[in-house]
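Before any questions on binding or motion, here is one chain by itself as structure tokens, the form predicted on its own.
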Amino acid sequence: MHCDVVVIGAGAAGLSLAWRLLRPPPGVDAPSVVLVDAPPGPLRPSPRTWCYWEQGPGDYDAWLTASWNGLRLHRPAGPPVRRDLGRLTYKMLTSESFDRAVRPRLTGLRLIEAVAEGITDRADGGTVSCRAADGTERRVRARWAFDSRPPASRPPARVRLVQHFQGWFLRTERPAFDPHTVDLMDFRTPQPPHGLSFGYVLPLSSREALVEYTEFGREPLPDHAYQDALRHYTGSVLGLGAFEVCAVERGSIPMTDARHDRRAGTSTFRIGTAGGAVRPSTGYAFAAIQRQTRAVAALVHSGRVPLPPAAYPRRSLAMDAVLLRGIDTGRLSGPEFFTRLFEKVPPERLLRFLDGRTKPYEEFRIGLHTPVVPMLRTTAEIPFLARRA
């Protein structure tokens, strides 16, 4: 099979890129696109929830599960910090609704349900070898290949933590949530010996919400530990009373200063998580995936080499490395660090900072609200750390 572009993986990055490729600007022909999607089974990602912030209407507003204009952060003790987002809106989109909405709009797409086993890269194009569930082998030859699969092994890094979490979609017997406000970080959870923990509440109505327990640490927890933490958080901290768990979400996101090579060959590129779209200090990725795939599609439409742009500026990744190292060594108290930023920095500026879209002078002003001595000590230490696999 021959085409202009082959996309491997039908997650957020793969579907977003395919959709944008098939929507060229006026006067430009859409490229021929083949999407290679793994058959149902362990190689397909489990259902997940993506959250991001945006100014004004966005491409996916019609498919959102919920949206909010208010954020709240709970200190370990004392009154919460409430912030209005101003011109920004915090948005929630499930992978199921995204998939159901985007796929019917992929007019002209050719879909192969198979496992991509290898990519042969050449100067004039790439060939993807695939195997279907019945053992049938297929080969797709394309001018450009984009791989969104997670790498087989993580690249070397100086700092490596994991954001791991489990959440319950639940329904309470009585009104228990503020439908207009997200609890972005609730530090009233017991803090672990290493790293930090917090609750995360996304209200869908006064009686429905996604309630998550999250940790930044070196290793994920056993399943029963998340359940114990969620029972404590929903009962002792939130006091929800009786409720029904309708669904469970769990995940593990690398938080690392590893360098992600966006170019895997002359004609092969990595996108999404594989292309460095995850912000190391927060785990957010969806907004960066949209910026990345939008830029790639524009390059393909204009006939240029479609090297995916870096998801975040280098200085943002350098600051993330300092933060993660500070938390990993215990020099920085995660609850104190994030609470101080939330209190002192205007919310629009803070969210642009977390998205890697602030100017250097804004970042300097934000830095003044962090623990200066531990940050400087960690900054001086980072260059001397070895990158390890």
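Each residue number is its position in the shown sequence, starting from 1. Since this is a predicted model, take the numbers as computed values, not measurements.
Omitted from view is the form predicted together with a small molecule, to which the following refers.
Contact here is defined as any heavy atom lying within 4.5 Å of the small molecule in the predicted bound form, and by that definition each of G11, G272 and Y284 is a contact residue. With the partner omitted here, the stretch from 178 to 186, 145 to 153, 300 to 308, 231 to 239 that lies within 4.5 Å of the small molecule by heavy atoms in the predicted bound form is 145 to 153. F165 belongs to the set of residues with a heavy atom inside 4.5 Å of the small molecule in the predicted bound form. For L43, a non-hydrogen atom is located within 4.5 Å of the small molecule in the predicted bound form, even though that partner is not displayed. Residue contact with the small molecule in the predicted bound form: N69 places no heavy atom within 4.5 Å of it.
Of the heavy atoms in R340, none are within 4.5 Å of the small molecule in the predicted bound form. A116 is the sole member of L73, L196, V201, A116 with a non-hydrogen atom lying within 4.5 angstroms of the small molecule in the predicted bound form. Interface residue among L350, V36, V33, V322, judged by heavy atoms within 4.5 Å of the small molecule in the predicted bound form: V36.
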